[in-house]
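Single chain ahead, written as structure tokens, the form predicted on its own.
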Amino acid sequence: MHQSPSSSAASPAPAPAPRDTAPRALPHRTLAILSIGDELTLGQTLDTNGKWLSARFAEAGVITVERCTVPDDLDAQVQALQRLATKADVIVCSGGLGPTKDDLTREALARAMDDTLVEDPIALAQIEAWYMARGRTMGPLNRLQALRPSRAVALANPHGTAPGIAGRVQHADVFCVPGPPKEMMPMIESQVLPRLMYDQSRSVRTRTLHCFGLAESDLAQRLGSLMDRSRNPLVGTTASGGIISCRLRYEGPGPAAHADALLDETAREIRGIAGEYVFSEGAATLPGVLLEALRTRGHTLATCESCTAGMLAAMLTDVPGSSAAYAGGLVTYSNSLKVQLAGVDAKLLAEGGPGAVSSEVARELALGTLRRLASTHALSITGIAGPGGAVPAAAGRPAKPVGLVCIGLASIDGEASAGAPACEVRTFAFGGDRATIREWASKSAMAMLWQRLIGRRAPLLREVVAEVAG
């Protein structure tokens, strides 16, 4: 049950001039993030603010020590603020600054500070101006948004009606910011980060390299001593959707240039160990990196999909500007369309032939698409995504289980340009449900082309057969 704000919230005292507590003597090094809202604790909304805040403060040299989520409950919020103040130099509290009864952040901060709420006249004027600029009249409930603890200061919010608040609980500086990212992010940049004290003798710098095509345990074994937890820069790995991210972090003495030089050296070592699997650094995605590599070479890509039914094309065209390198695609879900659209020999699909899920058909799909869509490269995918559709062994044909996928890559670039297209087919045995198999097939197809573009071919995870032909 929501608890009602105190009487000080309902009848604010006259506002004294806002004042900060005594200036902080030590630099800010650690951050705690407090995310507020029933929608977060109930799983109705994903907390993307916490992820962004952790990364942004790390760039500024402030490391997150805890991320905490609490419901719209006054006691829970007060207790969280007081507990986090014993662990971190900075607390960023997002959400709960709206005008309704379940927006309790202002009152929670006042109680944690052992303070009372007052109305900030500047904040009130800014809220009124926000409504006037849109030809609207401020409602009476919005007046609550101008409240702040008497020993805190209001933070301007030109992007919404909820001013932020800067106060102090124990020895921790607390910044309460609105929950909507379009309001939270600008406030962090303009109002919060400039207020921090930075340790000029110490640097915290991060770097991320993304890999695809090998298992996380395999990558860790290859990296060996680079993943020693006493090492600086520290190297760790995380896996999501088949993408393995190598996360590098330097934290220690010296200027940023020194830290960057050490990160550069470590990144070079990782690329030397797993370079054929490393596709990007930073925030770039596999489709984005692939399309940019094609564009800079003046190449184009076409796709032909059966079991993925357009998923590969969707991943590629989710990237803004994809039309500069992506020519288009065919979805040949039925055998008849494999023949009509991609020119597959019908004998391959008939009884006695290898069937739709075969390296022979994957090759013809890729070559036919390359010719008919006049692209530099063509990727084809044919397989059994399940949950049904497995084919038992028969005369002249091996069994074809769910997860069996054949991927073809035909190219007319480089050494192939003077003669027949080069064509490569790889066969995979993917696990998981239907969605997982289709996702892995789409990403593996992109990884095949990426390896061709960088000239460093290597087996991909769950690959069982590879064939290369002119």
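In this text, all values refer to a predicted model and were calculated from it rather than measured experimentally. All residue numbers are counted from 1 along the displayed sequence.
Keep in mind that the form predicted in complex with another copy of the chain is not shown, yet the notes after this line are about it.
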Exercise for the section: Identify, from the list T238, T296, N232, Q170, the residue with a heavy atom within 4.5 Å of another copy of the chain in the predicted complex. Expected result: T238
Handout entry: The unique member of T317, Q126, T116, Q82 whose heavy atoms fall within 4.5 Å of another copy of the chain in the predicted complex
Key = T317
Handout entry: Segment assignment from 116-124, 208-216, 190-198, 346-354: heavy atom within 4.5 Å of another copy of the chain in the predicted complex
Key = 208-216
Handout entry: Within 4.5 Å of another copy of the chain in the predicted complex, all of G224, R247 and G310 (non-hydrogen atom)
Key = yes
Practice task
Could you confirm whether D413 comes within 4.5 Å of another copy of the chain in the predicted complex, counting heavy atoms only?
Solution key: no
Practice task
Mark H28 yes when one of its heavy atoms lies within 4.5 Å of a heavy atom of another copy of the chain in the predicted complex, and no otherwise.
Solution key: no
Practice task
With heavy atoms only and a cut-off of 4.5 Å, decide whether E269 touches another copy of the chain in the predicted complex.
Solution key: no
Practice task
With heavy atoms only and a cut-off of 4.5 Å, decide whether K87 touches another copy of the chain in the predicted complex.
Solution key: yes
